[in-house]
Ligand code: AMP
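Consider the single chain below, provided in structure tokens and representing the form predicted alone.
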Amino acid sequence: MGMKVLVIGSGAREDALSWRLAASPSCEAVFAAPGNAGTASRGTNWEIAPTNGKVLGARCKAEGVDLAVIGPETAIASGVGDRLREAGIATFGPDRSGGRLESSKIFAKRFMERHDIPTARAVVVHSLAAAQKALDEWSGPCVIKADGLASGKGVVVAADAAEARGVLEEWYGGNRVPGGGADVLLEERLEGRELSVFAIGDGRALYPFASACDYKRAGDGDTGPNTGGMGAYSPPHGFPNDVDSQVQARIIAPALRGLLAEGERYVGVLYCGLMWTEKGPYVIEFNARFGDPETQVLMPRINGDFALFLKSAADGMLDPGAASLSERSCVGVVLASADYPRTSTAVPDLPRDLALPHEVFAFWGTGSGRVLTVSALGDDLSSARARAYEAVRDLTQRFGSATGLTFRRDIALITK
């Protein structure tokens, strides 16, 4: 008998995870909670909120689930990993305690400072008055980060202290600090190129597994507001040859030492959002799960038994040979509603079968906001990009007038 696997979440990330897990030789059945149209095409969706750990645990036991994979950060912050493990379910995803590396930017900053992990200089404030005082002595751009989870809307890059004051007056004046609360991080802006590195934790070690580059701004040329991500590509292009060894030595190794020293048995993904500066890698943020849209360009590159790979990590002894990444490139372009991220207008239903070419994939998101990620494999970055955009143009010609879907046109367009 093969494994029964539950994927928790409802976005394109969870659709991509479900797709790759279902293709694993050891996987017998895939469930999703609550899932979406994509996950429903290859398994069974459960109408259970991704943050309801108690109900998820009971359903897992009733269905004989062998492995639960947590997708969204809200589930981790709600303690779903804790509840599933209490129910005796092997779980890939950290407990609530380890998840603080994502759910609290201030906790993560202090963790990095305690364990000598390179990161930007920052000041923590808890009120508008404290923020104004800190900005009196500020020079240069200021990155303003709400402490809690804010669905990609809790970070603002201000050009100078004056612009930062305006943002903070708006946040504090109307009790509208994204994610709630009053705690805010004021951080110096790092210069360089962004890079996402994913390490797999099994409670004893952290294994570097994959890397990608994503695009967070809504508009071409990195203009417009921050979003949850408008596209990605993997593997990264144009970084130093020793990128892996530098990230291992400067980021992942000290992070592991810190987690172990603080009594954390970290099982799941440690997403290292990095800025590659003139001095090497600095951490912008840690996340406690696979990224979206990075997952949509990682899953097509995976060879082997991905379900067995994650199960071995959940069991406390990762089998690195169970799955590997191909050397091929993958590019993913997000199709979003026209006014995303300002609002997330629902779009008419698209047909489930989009009739895509070989090695081009569509991963379903929600019916509003980021609706679909179109990913394509290629022997190199340029061929993968060409195939992805050819499919995007075809889809928007066929359905664009009815749905108002929009997309960035410069994903994986490498100019230097």
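Don't overthink the numbering: it's just position in the shown sequence, from 1. In this text, all values refer to a predicted model and were calculated from it rather than measured experimentally.
The same protein also has a form predicted together with the ligand, omitted here; what follows describes it.
A heavy atom within 4.5 Å of the ligand in the predicted bound form is found for one listed residue only; from E194, E264, D305, D183, this is E194. With the partner omitted here, the residue from R250, R96, R85, K216 that has a non-hydrogen atom within 4.5 angstroms of the ligand in the predicted bound form is K216. Partner contacts here mean any heavy atom within 4.5 Å of the ligand in the predicted bound form, and among 126-134, 327-335, 155-163, 309-317 they occur only in 155-163. Every residue in the set K145, E188 and E285 has a non-hydrogen atom no more than 4.5 Å from the ligand in the predicted bound form. Although the partner is absent here, A120 is a contact residue: one of its heavy atoms lies within 4.5 angstroms of the ligand in the predicted bound form. The shortest heavy atom separation between M275 and the ligand in the predicted bound form is within 4.5 Å. Looking at 49-73, no residue comes within 4.5 Å of the ligand in the predicted bound form, counting any heavy atom.
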